[in-house]
Each structure stands twice: as C-alpha cells, then as structure tokens.
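First, one chain by itself: the form predicted alone, in structure tokens.
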Amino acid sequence: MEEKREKYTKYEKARIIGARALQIAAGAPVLIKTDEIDPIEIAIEEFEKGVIPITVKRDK
C-alpha cells in the first residue's frame, strides 16, 4: 500500500505554500488555529500540519 503523505520537492513545496498564501491573502478561510497574521507564515504552518487541500500531479 502506498504511503498517503509523499515527500515533496523544494519546488513543489514552494509552489504549494505560495498558492495557499495567495488564497489566504484573497480572503480564503484559514484551516488552522494560529496567532500569525502574515499569509505566508500561515500557509507554512498549514503545510507543516498537512492540512492544505492541494494535490501535486506528476508525470509517470
């Protein structure tokens, strides 16, 4: 059985966090409880907790 959480490359991680930070800055609801105000810091926390609903499609 394949592992649910896969390892992302640094480029995928940067793209996911950047896209999520843009969503937060545009008014999307924050998915975690945090005291942070900066959308990038919030997106990093969400990424580390594994709650960002973004998937990565890779060529096989």
Partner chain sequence: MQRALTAEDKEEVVKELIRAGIEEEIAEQIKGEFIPAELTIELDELLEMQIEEAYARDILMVQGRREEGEVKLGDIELKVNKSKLPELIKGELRKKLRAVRDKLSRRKLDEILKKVEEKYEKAKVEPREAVGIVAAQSIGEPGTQMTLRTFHYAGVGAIYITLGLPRIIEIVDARKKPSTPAMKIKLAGEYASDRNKAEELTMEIEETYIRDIGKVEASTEDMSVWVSLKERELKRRHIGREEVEEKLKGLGAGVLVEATEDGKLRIQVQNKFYHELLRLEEKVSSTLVKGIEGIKRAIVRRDVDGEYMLYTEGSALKKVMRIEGIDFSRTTTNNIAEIADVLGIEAARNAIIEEMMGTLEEQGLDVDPRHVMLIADAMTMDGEVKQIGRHGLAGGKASVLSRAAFEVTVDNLLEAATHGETDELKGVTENVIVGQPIKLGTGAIELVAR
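A quick note: this is a predicted structure, and the numbers were derived from the prediction, not measured. Residue numbers count along the first chain shown, from 1.
Missing here is the form predicted together with its partner chain; even so, the following discussion is about that form.
Undergrad: Just to confirm, residue 12 within 4.5 Å of its partner chain in the predicted complex by heavy atoms?
TA: Yes, residue 12 lies within 4.5 Å of its partner chain in the predicted complex.
Undergrad: Hey, in the predicted complex, does residue 19 get a heavy atom within 4.5 angstroms of its partner chain?
TA: Answer yes; at least one heavy atom of residue 19 falls within 4.5 Å of its partner chain in the predicted complex.
Undergrad: Given that its partner chain is not shown alongside this chain, does residue 44 nevertheless sit within 4.5 Å of it in the predicted complex, heavy atom to heavy atom?
TA: Residue 44 lies outside the contact set for its partner chain.
Undergrad: Flag residue 24 as yes or no: does it have a non-hydrogen atom within 4.5 angstroms of any non-hydrogen atom of its partner chain in the predicted complex?
TA: Residue-level check for residue 24: no, no contact with its partner chain.
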